[in-house]
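In structure tokens, one chain follows: the form predicted on its own.
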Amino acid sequence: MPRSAKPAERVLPDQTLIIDNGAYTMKAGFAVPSPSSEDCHTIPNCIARDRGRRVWIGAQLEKCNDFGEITFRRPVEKGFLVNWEAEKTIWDNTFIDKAAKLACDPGATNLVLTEAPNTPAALQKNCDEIIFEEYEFASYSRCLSPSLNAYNDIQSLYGVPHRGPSVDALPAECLLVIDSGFSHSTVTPLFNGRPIHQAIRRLDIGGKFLTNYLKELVSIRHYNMLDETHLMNEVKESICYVSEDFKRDLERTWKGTSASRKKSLEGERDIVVDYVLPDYNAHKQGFMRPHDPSLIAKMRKMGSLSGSGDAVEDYMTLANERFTVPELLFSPGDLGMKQEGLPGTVLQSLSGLPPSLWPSMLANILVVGGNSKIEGFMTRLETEIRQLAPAECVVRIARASDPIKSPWLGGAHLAANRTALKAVQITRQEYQEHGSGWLGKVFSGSVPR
């Protein structure tokens, strides 16, 4: 009886492209032996049109000087990639055009692509087909963005000595990832680098929600900013902070505060600030400064100081807007949302795990995403998680050294290990043999490789 032929060993190309395809920005770059943040390129994941009707695609937006009334078309909505027509335009401009920084030949490139937790199967299938049939990448793996954080050196964030080189390629055994990004915030428990899907929880508040809320507040109290999304996003990043005592800060910004109350609050940080609006015609950026209640400042704003040589300044005075906007991450009920805040969402996620895993997860909490950079966010999050966690559990919480690029760095560490990369990649030949249905089952873990 003739022996059955052994299956040919899979050979992957040397070049690997990692794309963390976020809703606001796309983090992309090629794998190198010792990856760092400098190897990752942050590219706006959008197509924009300015008031001069000029179209800017992806990285081209970095050359734009006039963001007044600029409109955005984003292929990712609510965390899910739903518009491949727009995404292909951005990818072609970033990866296919010969003049692009990250130009590559898909047929000689491995692709590691991220997705949001709980992505609908129809969107996953559509993505797989475009990767292999439209772009024809040599091999491909699709994984959850939070799961790649497990391949970074997490323990060093808690002050534990650096892991030895023999275990650098291994994912962290237990990790609870809080990812608060542009579209939403998620809590994802990982065990040996694999997500525990039944315990993943989502809060439908992210950076986009906060920016839109700030737009509404400012439009009611100051100027109509409903068409100035980019400007209000910059204002949010400049002036917002998470309050440690929301009620106390609210009292401090209340105009009816009694004189005795004001005196008792002297010496504390001043909440009220002025934000000087940008002048795109003069290429001047907006900036925050301490509040100036003087008559001269008001006259300068109105342009009444004729002949003084001072430029006319247009500014907004912002008070409780600074902390009521990011407060929604901790108290969504303030707007009538029937969801828990981030600390409560963490406990909901833990409730989907065996109690034996709780101590390990609470002792290894990693925070990533752009919202984690808001001043006071980490202090408030740690305080409230400690209050909710069981008393016998040690709570350790740390923010990634680069919360924006952390998932990409994890993917780069994974790709730097050829053995680990082969274990997760699917070649185009395998896809052609088995089809997209089989591919979806492999990536979901329901079918072994």
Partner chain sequence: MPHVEVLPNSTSVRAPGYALVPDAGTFQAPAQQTSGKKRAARSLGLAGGDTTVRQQNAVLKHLAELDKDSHRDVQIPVPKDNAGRASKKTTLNVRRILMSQKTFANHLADEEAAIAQQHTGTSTATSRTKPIPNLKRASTSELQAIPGSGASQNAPRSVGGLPPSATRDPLDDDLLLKSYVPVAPSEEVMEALLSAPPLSYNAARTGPPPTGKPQRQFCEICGYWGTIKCMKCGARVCGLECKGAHDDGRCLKFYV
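Predicted model only: the values in this text are computed from it and were never measured. Residue numbers count along the first chain shown, from 1.
Just so it is clear, the following notes concern the form predicted together with the partner chain, a form of the same protein that is not shown.
J.: In the model of the complex, which of the listed residues (100, 357, 288, 272) lies with a heavy atom within 4.5 Å of the partner chain?
T.: In short, 357.
J.: Exactly one of 372, 345, 243, 141 has a non-hydrogen atom within 4.5 Å of the partner chain in the model of the complex; which residue is it?
T.: Here the answer is residue option 345.
J.: Tell me whether 212, 220 and 331, taken together, all sit within 4.5 Å of the partner chain in the model of the complex, counting heavy atoms only.
T.: Yes: 212, 220 and 331 each sit within 4.5 Å of the partner chain in the model of the complex.
J.: Heavy atoms within 4.5 Å of the partner chain in the model of the complex: does residue 134 have any?
T.: Flag for residue 134 set to yes.
J.: Whether residue 313 contacts the partner chain in the model of the complex should be assessed with a 4.5 Å heavy atom distance threshold; does it?
T.: Although the partner chain is absent here, residue 313 would stay clear of it in the model of the complex, with no heavy atoms inside 4.5 Å.
J.: Would you classify residue 322 as touching the partner chain in the model of the complex, given a 4.5 Å non-hydrogen atom cut-off?
T.: Result no; residue 322 lies far from the partner chain in the model of the complex.
J.: Is residue 279 a contact residue for the partner chain in the model of the complex, using a 4.5 Å heavy atom cut-off?
T.: Heavy-atom contact with the partner chain at 4.5 Å: absent for residue 279.
J.: For the stretch 184-207, which residues lie within 4.5 Å of the partner chain in the model of the complex by non-hydrogen atom distance?
T.: The stretch touches the partner through 191, 194, 195, 196, 197, 198, 200, 201, 202, 203, 204.
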